[in-house]
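Single chain ahead, written as structure tokens, the form predicted alone.
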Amino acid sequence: MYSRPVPRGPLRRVAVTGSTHGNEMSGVSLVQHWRRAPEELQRPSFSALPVLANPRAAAACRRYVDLDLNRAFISTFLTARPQPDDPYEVTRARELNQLLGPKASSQAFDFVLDLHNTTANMGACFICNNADNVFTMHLCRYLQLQNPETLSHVYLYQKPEEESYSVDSLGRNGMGLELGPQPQGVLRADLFTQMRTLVAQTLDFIELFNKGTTFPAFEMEAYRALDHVDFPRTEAGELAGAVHPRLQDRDFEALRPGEPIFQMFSGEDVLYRGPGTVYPVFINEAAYYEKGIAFISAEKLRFPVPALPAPAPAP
């Protein structure tokens, strides 16, 4: 399972990115704050660079200008010859690849933490492309142990043979931090504070690792994406129903065959007809209406994570 080697040496180049989606205000506001007060991100063994990933979208308080930046970090965009009519986010993805990458190279930043909000009832969610990175799995576990009173989950979005496409995939290690529910274009003080704390704890974990801490093996629980489920629609493609009240706000809870998932405008219920239990995530996410996604079905996994050894001393 673990195809990525653990870091051999201390992590020296760390980035914290916000505004990948310009209307997700916790990350936007925190990065703007850290650009004015970067000392908050500093640690004795490294410093972290705050990056406004999509400044045009942030200025307009929009998710994106031309296309979703968090889907733009694929080889098709990053390696193509630039054209005058390229979408803004494609051009910006190439700029970020030069700043934080190049992707999949030894010159890339050691760690990239990308900050997000969701309108779904996801709580604190640690988003990883897959489970093959021992370092990131230990980071997720550390954050869960540091916040026992807070319900948090690990979500694995990448499907087999699918290329990673998120901002944090530019780094040699990385993770997305998703907090919700929070409306688009709105800043909630409680989620702002929670995100600020989780970022600080992430940097503390990297500092502990750099200083020679060894982290023991453990068993991880995570949720891996399976399928996208669209809303019921008319022949013209218009909505014909909404997320059922019994499903709404139940992210990461079990959904069993025969339980309702949609309530049609005509009054009847649509039941889940899958072959077994799944765990919906991003339920009724506002940004996913344009993508034709009412929720994403996921499976629950449990798997062993080996110990994370201390890095070799820096020369």
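The first residue of the sequence shown is number 1, and the count goes up from there. Bear in mind the structure is a predicted one, so any value in this text is a computation, not a measurement.
One more form of this protein should be noted, the form predicted in complex with a further copy of the same chain, which is absent from this view; the next part is about it.
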query	finding
Contact flag, F192 vs a further copy of the same chain in the model of the complex, heavy atom cut 4.5 Å	yes
R256: touches a further copy of the same chain in the model of the complex, heavy atom cutoff 4.5 angstroms	no
L67 within 4.5 Å of a further copy of the same chain in the model of the complex, heavy atoms	no
4.5 Å heavy atom contact, D269 and a further copy of the same chain in the model of the complex	no
Stretch from 219 to 227, 75 to 83, 183 to 191, 170 to 178 whose residues place a heavy atom within 4.5 Å of a further copy of the same chain in the model of the complex	183 to 191
Candidate site Q144, L151 and T197: all three near a further copy of the same chain in the model of the complex by heavy atom within 4.5 Å	no
Option touching a further copy of the same chain, based on a heavy atom within 4.5 Å in the model of the complex, out of A242, L203, V90, L156	A242
